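One chain comes next, on its own, written out as structure tokens in the form predicted on its own.
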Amino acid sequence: MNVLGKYKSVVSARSTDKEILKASQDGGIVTSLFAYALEQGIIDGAVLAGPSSRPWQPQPFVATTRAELLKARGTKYNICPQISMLKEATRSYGLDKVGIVGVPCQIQATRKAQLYPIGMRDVPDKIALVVGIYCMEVFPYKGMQLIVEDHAGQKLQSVKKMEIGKGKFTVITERGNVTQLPLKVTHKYEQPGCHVCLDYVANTADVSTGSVGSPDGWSTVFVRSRIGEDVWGKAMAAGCFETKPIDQVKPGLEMVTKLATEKITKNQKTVDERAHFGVGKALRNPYI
């Protein structure tokens, strides 16, 4: 069972750009890759999850400069509708080569928009680089607020960073206070739609990345498509990243495989249960 999808190569990597690493979630892969692609004219803008007027509630926006890319650094564990900005990026912003980042369901939606561009006329051929982020689940904004404020005892506006890893939901404040919650506390706040998703590592992206499998401060990167291979190769040649063979780091690809398998196995049961009650036809992950 291939739970990691098709890929051309996989490495452990991190950005060589110290400015990007200062506020990145892990290895700064997405920001560095888009910054390189923007600088080289591979893309002329990217649809990202950026800040909004409410703390830790992202909103989609179009970045056309390095400074705007930097504003979107770091993971936000709640919903941000980037796909809604794809047409806007090509129409209002006039972009001809668009980059987009998203979690697996958003990457699947992007690919479906390219195959069946209903309501997105002239958009598919302008999508130039698709970067995916590993995802087990996300939270509605209110749910995340309850996790941080009620369970972790911190105000959202005081939070500097959030992390999910090693069975914990970690909240780090601007003053350096660290609160860790077992993930069993957060499960009831998960977005219900996440429980029918059968993709952990963004199988259909050009490049997909996440912290799992790599040491702290590094990311595991799958290069999946010819486009991804071309852009990643050029970025490597330009010195944008340092890498290590995935079989020489801990916990390695075994951990990525373990979590991907757990997500698929768990969520396939939900899909089958819904089909049993007539909610819809049973789905099977086409990548396994």
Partner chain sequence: MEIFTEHVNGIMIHKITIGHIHESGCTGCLAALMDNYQGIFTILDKYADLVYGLTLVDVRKIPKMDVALIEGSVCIQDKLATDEVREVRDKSSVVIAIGGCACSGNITRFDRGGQQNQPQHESFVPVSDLIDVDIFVPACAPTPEALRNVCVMTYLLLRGNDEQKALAGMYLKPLMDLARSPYGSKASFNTLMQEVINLGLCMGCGSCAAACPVRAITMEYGKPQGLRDLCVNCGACFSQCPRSFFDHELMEHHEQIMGMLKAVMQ
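Positions refer to the first chain, counted from 1. From a predicted model like this one, the values you see are computed outputs, not experimental measurements.
Quick note: we don't show the form predicted together with the partner chain, though the next part is all about it.
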Quick one: which of 209-217, 159-167, 101-109, 174-182 gets within 4.5 Å of the partner chain in the model of the complex, going by heavy atoms? 101-109
As a check of understanding, the residue in L95, L129, I147, I83 with any heavy atom within 4.5 Å of the partner chain in the model of the complex should be identified as I83
Residue among M236, V249, L70, I227 with a heavy atom within 4.5 Å of the partner chain in the model of the complex: I227
Decide whether Q57 counts as a contact residue for the partner chain in the model of the complex under a heavy atom distance cut-off of 4.5 Å. yes
According to a 4.5 angstroms non-hydrogen atom cut-off, is T204 in contact with the partner chain in the model of the complex? yes
Give a yes or no for K87: in the model of the complex, does one of its heavy atoms lie within 4.5 Å of a heavy atom belonging to the partner chain? yes
Proximity of C197 to the partner chain in the model of the complex, heavy atoms at 4.5 Å: yes
In the model of the complex, which residues of 114-131 put a heavy atom within 4.5 Å of the partner chain? Q114, L115, Y116, P117, I118, G119, M120, R121, D122, V123, P124, D125
